[in-house]
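One chain comes next, on its own, written out as structure tokens in the form predicted on its own.
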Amino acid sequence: MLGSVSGRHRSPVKGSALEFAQYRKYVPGDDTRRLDWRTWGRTDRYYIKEFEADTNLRQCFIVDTSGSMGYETTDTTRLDYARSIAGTLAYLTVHGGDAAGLYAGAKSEDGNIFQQELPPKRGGIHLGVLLDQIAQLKSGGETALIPAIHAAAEKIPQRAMIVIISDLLFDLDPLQEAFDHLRFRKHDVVLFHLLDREEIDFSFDRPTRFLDLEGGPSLLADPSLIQRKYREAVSDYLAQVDRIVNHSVIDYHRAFLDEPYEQVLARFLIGRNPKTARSAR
């Protein structure tokens, strides 16, 4: 949280505002205008009044809209799931008096990275526009998440919470550098990794034709012949994801499409609550 606009959440920054926070002992160099003279009169000791500083949160969503986000299971596509997460968090953010924005994209024929681009703002009118743009997102083409992250890091001038929603189905090697770019800009980074259980379990039991939703060739395979190697590859892939997010200190959340998205968001919000985090420790 950073800025001069007061949101409804509690600030971690102490300053001069309307809501009292706490007392602390005076130390040389403190602003004497904040001395509590009544306390001095009763105790003959100097104490400073601290207040909650006026701060506001900027939350920016980077949504992967590549072809693989159109993967469908139980009547829900991966992109539908991403819309639900982004729309709910945007609603909570703006109704909390803070700002939200959207950067979503995949490679397009015109070379444009962003399918939708909306800088973070506050207010009900902006929320309506933001939710409309989230609803209009379409999946297609190759992934452009890595260049989208780098471009968003340069476009967002002030520190913000960056919420990335993706299936991460691409070469992961450049992902570390993209996260480091966001962290260098002092952003707080959250990653929702969307997966289907079939992608992990690979429970197919008969010859199947697998289609590349991002335009590559299809593959006809007998699952019984490739199942062991496939699961080994998936295990290595998930281990690489864990190494990257741990190295970059990313708030990482793995979500399966058969899990109600409100449960995923509940875990995320509870984990971000300072009181809950302190009680957990």
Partner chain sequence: MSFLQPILLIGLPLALLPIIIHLINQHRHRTVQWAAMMFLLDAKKLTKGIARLRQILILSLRVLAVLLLFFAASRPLAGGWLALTGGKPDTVLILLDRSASMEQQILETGESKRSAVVTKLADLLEKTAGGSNLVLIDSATLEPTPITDAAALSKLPQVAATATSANVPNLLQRAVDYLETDESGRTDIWLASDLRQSDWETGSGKWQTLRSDLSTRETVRLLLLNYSETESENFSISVSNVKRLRSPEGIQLVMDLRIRRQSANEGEVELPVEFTINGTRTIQEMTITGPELVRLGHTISLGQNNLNGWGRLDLPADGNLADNTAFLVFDDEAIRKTVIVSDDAITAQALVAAAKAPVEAGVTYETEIVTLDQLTRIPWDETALLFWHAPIPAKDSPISALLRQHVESGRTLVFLPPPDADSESLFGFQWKEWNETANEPFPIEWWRTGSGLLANTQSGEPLPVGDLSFFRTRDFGGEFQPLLRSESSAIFIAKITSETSGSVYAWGTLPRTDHSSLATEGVVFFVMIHRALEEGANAVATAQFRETGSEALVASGDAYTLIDSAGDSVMLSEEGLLPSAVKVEKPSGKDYFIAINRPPSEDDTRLVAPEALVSLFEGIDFRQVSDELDSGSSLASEVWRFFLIAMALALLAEAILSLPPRIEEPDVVHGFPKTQKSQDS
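Remember, it's a predicted structure, so these values are computed and weren't measured experimentally. Residue numbers count along the first chain shown, from 1.
What follows is about the form predicted in complex with the partner chain, which we do not show.
Novice: Out of 169, 163, 156, 90, which one falls within 4.5 Å of the partner chain in the model of the complex, going by heavy atoms?
Specialist: Flagged contact: 169.
Novice: In the model of the complex, which of the stretches 70 to 78, 94 to 102, 126 to 134, 112 to 120 has residues with heavy atoms within 4.5 Å of the partner chain?
Specialist: That would be 70 to 78.
Novice: Does each of 221, 238 and 242 have at least one heavy atom within 4.5 Å of the partner chain in the model of the complex?
Specialist: Checking in the model of the complex: 221, 238 and 242 are all within 4.5 Å of the partner chain.
Novice: In the model of the complex, does residue 217 come within 4.5 Å of the partner chain, counting heavy atoms only?
Specialist: Close contact exists here: in the model of the complex, residue 217 approaches the partner chain to within 4.5 Å, heavy atoms only.
Novice: Using 4.5 Å between non-hydrogen atoms, is residue 35 touching the partner chain in the model of the complex?
Specialist: Contact check for residue 35: no, nothing within 4.5 Å of the partner chain in the model of the complex.
Novice: Residue 212 near the partner chain in the model of the complex, any heavy atom under 4.5 Å?
Specialist: Because a heavy atom of residue 212 falls inside 4.5 Å of the partner chain in the model of the complex, the answer is yes.
Novice: Can residue 47 be called a contact residue for the partner chain in the model of the complex at 4.5 Å between heavy atoms?
Specialist: Judged by the heavy-atom cut-off of 4.5 Å, residue 47 is well away from the partner chain in the model of the complex.
Novice: Need the contact residues for 194 to 221: heavy atom within 4.5 Å of the partner chain in the model of the complex, sequence order, or none if there are none.
Specialist: Residues within 4.5 Å: 197, 198, 199, 200, 201, 202, 204, 206, 207, 208, 209, 210, 211, 212, 213, 217, 219, 220, 221.
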